[in-house]
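As a starting point, one isolated chain is supplied in structure tokens, in the form predicted alone.
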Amino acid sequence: MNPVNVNREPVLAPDLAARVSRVGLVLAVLGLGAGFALGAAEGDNLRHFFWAYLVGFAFFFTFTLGGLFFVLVQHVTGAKWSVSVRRMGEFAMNTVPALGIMAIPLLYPLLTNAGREEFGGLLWPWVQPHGEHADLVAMKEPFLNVPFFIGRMVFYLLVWWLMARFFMKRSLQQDTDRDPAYAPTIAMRKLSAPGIIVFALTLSFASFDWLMSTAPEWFSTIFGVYIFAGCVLTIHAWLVISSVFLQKQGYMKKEVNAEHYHDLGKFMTAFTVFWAYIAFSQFMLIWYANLPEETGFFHSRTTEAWKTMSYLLIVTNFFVPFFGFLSRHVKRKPKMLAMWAVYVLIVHWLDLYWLVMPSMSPESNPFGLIEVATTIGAFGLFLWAFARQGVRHSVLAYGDPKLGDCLAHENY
């Protein structure tokens, strides 16, 4: 593979990015507003709304953290194939401030009196121990208490923001400085290895705090890896969708080709298998140990209300996508791969819904317009934060010294 001589000019799409960001903002306002209104109309002190809001928040969270991991792993491995799509990953990781904004409403059910009326809290039942495992939950009070919980939330967001800011700043320096010593490139390479360690720890603990703690008696050391698998699937699906959309609008037609789509598709296939492996491993270990405090998680998801969805996830999240884009032909057809990428995002959301909502209502599936509205709102907020960066910056990391190798990349 011989590097391609590259005309290192920015790929600017400010008008398109501005339009997309406005669409995202409208979706955010209307979706979250409608979800709040529907929740208030239910007369349950917004309990349903906040659980649905947590699902939307988790959906946003997987885009952001998926983007951060994608950028880190490209630098630590010195990857060449991904340079032309890396800026989209950088835009995704740089949505941490918007994720922080979306985290603020989650303080309401933790800090207000109204938030403690039902099951010890509208959102997290562990505010006050309850149920047959109350003693076990009470033993976790040094960790599962409101001040420490909020402190950790702020810490995670701050760490992710600092990491995203560092890598985004150096990437932009590549574009403008054209440093012959490749100082920004070397700096990102050096920091990416410890960055992955920090990423792994903060992602795992944030997953424990924001999602696993909705069933406070339950614990799983593999849960952070489960969420990680969803993050990686999400970002690769989003890179496919973003690239196809840009090309449809007349941008990046030469910079992203069938070879790049092929690799993105391979990662989607690989992490579909990885998700299934982690999901099965988690279930098998809990089933084999048969401890009441662990099996309760799956018991609440095999009630009459949730049993069908639990079995359906095996099909929708593994068998269908695995065989759907296993073929080399599918991976090299952008539009076809984009349709599968949309499918991956939808079933990933269903997986997050299945993780969260049975803790609210194990005997009934509350899916309705509130979930739809809050998810649209959460995605709209992400889209706004993602697209507005394209107003100011090139959608291609045109200063990366490996860009020529990226454009010459071939799959064998």
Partner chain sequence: MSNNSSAELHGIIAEYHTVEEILAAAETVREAGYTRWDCHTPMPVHGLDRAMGVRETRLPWVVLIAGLTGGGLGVLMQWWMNAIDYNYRISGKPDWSLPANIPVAFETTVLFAAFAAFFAMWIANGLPRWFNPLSRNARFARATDDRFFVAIQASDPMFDQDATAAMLSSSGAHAVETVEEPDETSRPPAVFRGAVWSLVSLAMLPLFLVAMARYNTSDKPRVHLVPDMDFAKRIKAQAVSDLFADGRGTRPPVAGTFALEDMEAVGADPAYYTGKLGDSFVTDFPLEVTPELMQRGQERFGIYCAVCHGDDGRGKGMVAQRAAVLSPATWVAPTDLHTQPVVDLASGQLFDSISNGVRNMPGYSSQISYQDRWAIVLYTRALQRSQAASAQDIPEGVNLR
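Please read all numbers here as calculations on a predicted model, not as lab measurements. Numbering follows the first chain given and starts at 1.
The next section is about a form of this same protein that is not shown, the form predicted in complex with its partner chain.
Not displayed here, its partner chain is kept clear of I104 by more than 4.5 Å at the level of heavy atoms in the predicted complex.
In the predicted complex, A134 stays away from its partner chain, with no heavy atom inside 4.5 Å.
Although the partner is absent here, L158 is not a contact residue: none of its heavy atoms lies within 4.5 angstroms of its partner chain in the predicted complex. With a 4.5 Å cutoff on heavy atoms, F166 does not count as touching its partner chain in the predicted complex; it lies far away. Contact with its partner chain in the predicted complex, judged as any non-hydrogen atom within 4.5 angstroms, is confined among 248 to 256, 90 to 98, 321 to 329, 235 to 243 to 321 to 329.
Contact residues in stretch 274 to 293 (any heavy atom within 4.5 Å of its partner chain, taken in the predicted complex) are F280, F283, M284, W287, Y288.
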